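Encoded as structure tokens, the following chain is the form predicted on its own, with no partner shown.
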């Protein structure tokens, strides 16, 4: 049996590994957030740490087409392949893309 001291050490061991946020490998001038892409433009995803959007197809290297991006609206609409998604601006701010 483990003593209480050792249980606490083992319980806290993995927590310090999860607090590290991944950094974008590109220079800050090369990438911009998905919410800054103008309507009608196509972009390529370079950094995305949100698991829910990665499962929808917004993984690194995916091509994204901006359908609607109005500044007064809280959401934006993007197309990934044949699918259309409505994304919140807070989520879109975390996704780094390159227009091209």
Partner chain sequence: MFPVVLNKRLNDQILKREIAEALSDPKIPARIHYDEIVEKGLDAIETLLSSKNDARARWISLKLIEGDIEVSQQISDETRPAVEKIVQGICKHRGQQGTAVIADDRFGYIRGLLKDVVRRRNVSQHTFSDRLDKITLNSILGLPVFFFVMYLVFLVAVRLSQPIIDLIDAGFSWLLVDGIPALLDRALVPQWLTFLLSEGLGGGITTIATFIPPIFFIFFSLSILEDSGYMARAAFIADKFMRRIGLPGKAFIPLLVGFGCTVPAIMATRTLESKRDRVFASLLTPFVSCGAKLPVYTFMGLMFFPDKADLVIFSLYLSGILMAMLTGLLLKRTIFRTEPGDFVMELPPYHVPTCRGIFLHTWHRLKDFILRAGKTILLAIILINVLKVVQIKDPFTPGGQKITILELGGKALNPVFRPMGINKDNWQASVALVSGIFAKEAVVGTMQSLYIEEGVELKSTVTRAFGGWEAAYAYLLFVLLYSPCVAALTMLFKEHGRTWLFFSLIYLTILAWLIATLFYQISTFRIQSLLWIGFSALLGIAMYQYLKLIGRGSRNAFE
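Since this is a predicted model, take the numbers as computed values, not measurements. Positions refer to the first chain, counted from 1.
Another form exists, predicted together with its partner chain; not displayed. Remarks below refer to it.
Although the partner is absent here, residue 73 lies within 4.5 Å of its partner chain in the predicted bound form, judged by heavy atoms. Residue contact check for residue 36: none of its heavy atoms lie within 4.5 Å of its partner chain in the predicted bound form. In the predicted bound form, its partner chain stays beyond 4.5 Å of every heavy atom belonging to residue 31. Contacts to its partner chain in the predicted bound form (heavy atom within 4.5 Å) from stretch 61 to 95: 61, 62, 65, 67, 68, 70, 73, 74, 75, 77, 82, 83, 84, 85, 86, 87, 88, 90, 91.
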